[in-house]
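The chain below stands alone, shown as structure tokens; this is the form predicted alone.
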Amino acid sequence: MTTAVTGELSVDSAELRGFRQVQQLAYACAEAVAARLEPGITEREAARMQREWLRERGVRDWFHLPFAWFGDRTAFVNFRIPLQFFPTNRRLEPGMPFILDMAPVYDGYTADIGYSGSLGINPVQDKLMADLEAHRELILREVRERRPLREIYEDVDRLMVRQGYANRHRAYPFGVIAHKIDRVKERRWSPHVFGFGTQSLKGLASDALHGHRDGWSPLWSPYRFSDHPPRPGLWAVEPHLGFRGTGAKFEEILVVTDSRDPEQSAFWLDDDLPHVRRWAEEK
């Protein structure tokens, strides 16, 4: 089962420190695995490397098991069914883009992250990553304005069009750009179904049921069920750009509170992340 995030969601709260710790752990895994990638490695091998790295550091449960996408699969080219998201025997080649995506649960806290990179130089993905900064700024600004989630989604779409890119998070089930996450009650053995942890799925389903009754959804999508202001809690946000067979995204936790102070009403959980550091270095 999951436990709703409660209490004061201030930047330095003990509750948020737990989520920040597991998010940092996941990004450390992504950077460690990315550094070991070489020509010929398959998506399945890269996904296994993520699982093993995290298990060696105490992870026993998952919101979802790790994914790895190489080449045009980073842009979800011709993806039609959910099974196509699972790692394949696609092999990494020099200059090829890749995305590592993992969602570990550690000490009851959940993270869901996405890390984009390439094996060597890839100017297209570099440009995509640079242009994602504007999406991070737009999402935070409009969440603080308490714009309906559906409208924010549409504004992200419009920004992508102005930049000349395709919306690739629309390929996900329900077209989500984000989903709500909570704490998970740890168990000695935690099964998963179709790559998703059963404890986390139960929590998401419970949120969906309660939200349907109260007029909100734990899924941030382009559809009518997301036509409501941001719900206080933690959201894993993942804008995903695509351009001619190359994709790039980030994924990280956005904290939404009921504070009337704009800066405290919503904030990114952590600015010490690879993509944020990259943007700072490029300025």
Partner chain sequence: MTVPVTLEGARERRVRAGGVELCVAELGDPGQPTVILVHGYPDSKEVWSEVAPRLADRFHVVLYDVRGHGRSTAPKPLRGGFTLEKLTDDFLAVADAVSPDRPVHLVGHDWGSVQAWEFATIKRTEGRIASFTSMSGPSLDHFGHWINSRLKRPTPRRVGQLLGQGAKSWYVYLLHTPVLPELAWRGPLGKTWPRILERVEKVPGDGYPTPSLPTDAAHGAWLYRDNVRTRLRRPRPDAYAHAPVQLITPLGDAFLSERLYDELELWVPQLIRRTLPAKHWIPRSRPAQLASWITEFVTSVEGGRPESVTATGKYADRFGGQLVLVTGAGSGIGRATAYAFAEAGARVVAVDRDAEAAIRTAEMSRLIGAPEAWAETVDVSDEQAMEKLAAKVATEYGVVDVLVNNAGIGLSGSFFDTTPEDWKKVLDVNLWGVIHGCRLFGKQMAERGQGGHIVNTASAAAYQPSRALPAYSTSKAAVLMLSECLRAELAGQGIGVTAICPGLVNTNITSTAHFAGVDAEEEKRRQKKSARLYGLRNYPPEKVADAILRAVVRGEAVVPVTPEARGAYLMSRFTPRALRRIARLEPPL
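Positions refer to the first chain, counted from 1. Computed from a prediction, not measured in an experiment: that's the story for all the values here.
As for the form predicted together with its partner chain, it is not shown, yet the points below apply to it.
- Listed residues Tyr106, Tyr165, Tyr115, Tyr172 were compared with its partner chain in the predicted bound form; Tyr165 is the one with a heavy atom within 4.5 Å.
- For the chain shown alone, Val161 is a contact residue for its partner chain in the predicted bound form, at least one non-hydrogen atom being within 4.5 angstroms.
- Its partner chain in the predicted bound form is approached by Lys127, whose closest heavy atom lies within 4.5 angstroms of it.
- Its partner chain is not shown here, but in the predicted bound form it comes within 4.5 Å of a heavy atom of Asp131.
- Taking the partner from elsewhere, Phe67 is found to have every heavy atom lying beyond 4.5 Å of its partner chain in the predicted bound form.
- Just one listed stretch, out of 236 to 244, 47 to 55, 30 to 38, 249 to 257, contacts its partner chain in the predicted bound form at the 4.5 Å heavy atom level, and that stretch is 236 to 244.
- Heavy atoms closer than or equal to 4.5 Å to its partner chain in the predicted bound form belong, across 97 to 123, to one residue only: Pro123.
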